[in-house]
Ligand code: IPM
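As structure tokens, one chain now follows by itself in the form predicted alone.
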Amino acid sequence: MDYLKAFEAIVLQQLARVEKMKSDTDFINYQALDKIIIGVIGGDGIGPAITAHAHRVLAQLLADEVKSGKVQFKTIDGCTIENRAAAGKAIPDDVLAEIKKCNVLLKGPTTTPRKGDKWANVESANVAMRKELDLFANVRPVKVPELNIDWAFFRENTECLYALGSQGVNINDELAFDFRVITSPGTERIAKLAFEYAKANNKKRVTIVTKANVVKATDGKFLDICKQVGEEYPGIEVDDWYIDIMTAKLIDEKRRSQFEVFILPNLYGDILTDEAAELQGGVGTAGSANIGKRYAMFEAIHGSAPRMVEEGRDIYADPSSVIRAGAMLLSHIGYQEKADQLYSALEKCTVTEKKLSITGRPDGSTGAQIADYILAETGK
């Protein structure tokens, strides 16, 4: 293998991506569309079960819009690990074509093969979808009123280590390389989205998280550009923390309530938002938005939990993560009142009333019972 040519190909690929980002158009106006098409992707493991419950909740909330033809739901099959492995692609071509016919997506978790798995070494479907649809911003809110926590994480979605995760090189049995990429336009657009969110929501502090003291080229670029963007927002305080100490400060009772909005590269954002979700009740409670200028995808932040399926426990999987993602979807496409209604029902179900016990086992509630509770609340 010619390793220099392999690296050259990666560099040329990324330079072309930079030029494409520079020519991006403005964000789509969903309410100006004649029809908003919502694609529903079940995914793997517990994904089909929990996504079906979220679909049911959204269908009730958008019943009038569906009847009028303003909203259409489209079920997209084929994004399973079996189908992806058989096609040898993260997203089979026919599935990707169906996805691109939609405006927004509600997606269940998908399995990413690990080394040694029985599946082919295909790229993560999430990573591939983010790249194909240019979903550059992963937005994850975490709110725990009793702990005075109200955070919004803006994780860059298309760069860092994950973007080239399947393009690493084994030089020999003793040496391997993976590649990390950070670009100026990629960093600038996630930073602007975070600062615009802070401005629109009266947030006074934006925190940049890197390891720029050690990873000087890529994290250094990310930090510098985020700070430059921050200068355009004089009413917002900007500070920066290293990822290692930031993980500690999220559980520091004296400091954590001071944070509001975070900007992070991909890997650090993945790690930190899982930690943050644990304070909210676990990764099973957290939804996630993946935002681009033309498309958007909403999903749970947890995995596909194949063991639950193997043990026949998928009916007890907690759907509140994907339902929360559905609330974010409603907000994104312009139905904020319906989104607030759903958030309120979720908070009653999972935080304030807690009439249902969610254990993931027969001693707890089923996903259907949780969805029924939320449907009853939103129907009031």
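This structure is a prediction, so every number in the text was calculated from the model and none was measured. We number the residues from 1 along the sequence you see.
Below, we refer to the form predicted in complex with the ligand, which is not included among the displayed structures.
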Open item on the list: Quick check for you: of 123-131, 171-179, 78-86, 188-196, which stretch puts a non-hydrogen atom within 4.5 Å of the ligand in the predicted complex?
Closed with: 123-131
- [ ] Answer with yes or no whether Thr112 is in contact with the ligand in the predicted complex, where contact means some heavy atom within 4.5 Å.
- [x] yes
Open item on the list: So, Trp151 and the ligand: in the predicted complex, are they within 4.5 Å at any heavy atom pair?
Closed with: no
Open item on the list: Can you tell me if Phe298 lies within 4.5 angstroms of the ligand in the predicted complex, counting non-hydrogen atoms only?
Closed with: no
Open item on the list: Would you classify Asp240 as touching the ligand in the predicted complex, given a 4.5 Å non-hydrogen atom cut-off?
Closed with: no
Task: Partner-contacting position among Tyr162, Phe136, Tyr268, Phe262 - heavy atom within 4.5 Å of the ligand in the predicted complex - done: Tyr162
Task: Heavy atom contacts to the ligand in the predicted complex at 4.5 Å, residues of 17-43 in sequence order - done: none
